[in-house]
Ligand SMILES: Cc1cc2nc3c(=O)[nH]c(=O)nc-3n(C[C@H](O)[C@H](O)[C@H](O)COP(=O)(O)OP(=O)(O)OC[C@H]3O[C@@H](n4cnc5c(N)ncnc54)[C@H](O)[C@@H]3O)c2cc1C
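One chain comes next, on its own, written out as structure tokens in the form predicted alone.
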Amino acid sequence: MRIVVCVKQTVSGEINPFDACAYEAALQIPNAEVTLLSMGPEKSKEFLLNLTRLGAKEAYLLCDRAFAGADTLATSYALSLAIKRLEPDLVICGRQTIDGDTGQTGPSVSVQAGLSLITNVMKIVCTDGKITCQTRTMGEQMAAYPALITVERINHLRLPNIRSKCTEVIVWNADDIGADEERCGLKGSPTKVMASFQNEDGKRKCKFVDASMLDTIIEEGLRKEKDRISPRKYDGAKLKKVWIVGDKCLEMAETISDDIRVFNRSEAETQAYDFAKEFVKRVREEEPSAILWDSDAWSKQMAPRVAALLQTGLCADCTALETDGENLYMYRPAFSGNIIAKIGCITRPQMATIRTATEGIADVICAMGKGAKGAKELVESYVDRKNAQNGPHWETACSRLAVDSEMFPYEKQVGMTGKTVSPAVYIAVGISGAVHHIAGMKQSGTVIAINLDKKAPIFDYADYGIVARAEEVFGC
């Protein structure tokens, strides 16, 4: 089996974490011939060369000034041309990059390269005849070859053997893959960054309390309405003919239009390919100004496929929208959540996925970080006692470091590389508060942070703070 793995080098010079999992997944498939594919500057050759030591037959680097400044549509166009030339049976991508965090490139490549698609893969079940995978939210999925799959953080990339040697890195430019330069790089990118701002979203005024107050502030939080993303109020001109797929982004849509059409997804979820073709046909016939999507797993794999078919821009995980009556301006976190970018789109229809917390089903989530490792059993026992009272539903969760230290399985991870939750009460125990984690929990109602370090960043995003060891709080 010929496999192409798409990889990206992060700003720190390392392989993107999800792409590392994609590479390892490919190396674990018996008798696979693995090829790496990346797009970047000339200096990326060294990055790819080192990765070939792990077992890739060769690596290809797409390197040309014409590729610079590409958004996801232009990036997936160039990658798809290279993939067509390489003719693999299977393409494996990471779910997303940690800098862009859109999750669009894999689904968009699948359309432009003519590949069947499975996203959010947790386990490759079978590769004989067809590929069968267990996914994070949509159960077991099967696809015919040639196929493309995107994987979650399902493994750890192996280290090179001391005797392993580098293989070859082949550089292709735009001419080598037959690319139309008008569709590459900045020229071919329909989405444009209009401005960027330091991200203060999610910060709260923390009130420090004694550990004995924990149950009291939890009960108070449960009495409050869940805190959701607050759409920006806009009283100026509004867009005509806005479509939304699913109804969770309706509130956001109402800030930019009074002419909204809702598309029900009940049948579409079981007939994704037919839905995409039919939906695109209707878009071309009726020409809506903008299309908004929810941010659940199905929407995140469908929206980029539709965008690729329409050759239009798509902005991911928007937290606010504005309009001048003709143009849609979309605000989204970038660079691991540190920056908020204002995005415009020069093509029509303008499309965006809206950040909605679809995975938060518990009333109270008690999340543990590496700092709570010694108190894990105490915290779990506390949660079990709460659930035994047949009141609000409690669940445990964790940070990325807690997963990396094998305290919890990946399915429990909250954050940019995990899941997004929005319980009425979120209790962060022994979690420092890295921006990756904040991105997944900041839509919660009342946030309670428990940490021995009063200067921990988590307190900037909490309503209440308890400065104490977890053992002291939950061992009473």
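The first residue of the sequence shown is number 1, and the count goes up from there. Note that this is a predicted model, so its numbers are computed, not measured.
What comes next is about the form predicted in complex with this ligand, which is not displayed.
Contact check at 4.5 Å (heavy atoms) against this ligand in the predicted bound form: none of Lys8, Leu48 and Lys84 pass. Looking at Gly465, you'd find every heavy atom of it more than 4.5 angstroms from this ligand in the predicted bound form.
This ligand is not drawn, but in the predicted bound form it has a heavy atom within 4.5 Å of Met416. In the predicted bound form, no heavy atom of Ile29 sits within 4.5 Å of this ligand.
None of the heavy atoms of Ile427 is located within 4.5 Å of this ligand in the predicted bound form. Contact with this ligand in the predicted bound form, judged by any heavy atom within 4.5 Å, is made by just one of Thr52, Ser44, Gln443, Ser432: Ser432. Of the residues given (Arg400, Lys300, Arg355, Arg305), Arg400 alone sits with a heavy atom within 4.5 Å of this ligand in the predicted bound form. Stretch-level contact analysis of 237 to 245, 286 to 294, 370 to 378, 386 to 394 against this ligand in the predicted bound form, using heavy atoms and a 4.5 Å limit, identifies 370 to 378. Along 425 to 453, a non-hydrogen atom within 4.5 Å of this ligand in the predicted bound form is carried by Gly430, Ile431, Ser432, Gly433, Ala434, His436, His437, Ile450, Asn451, Leu452, Asp453, in order along the sequence.
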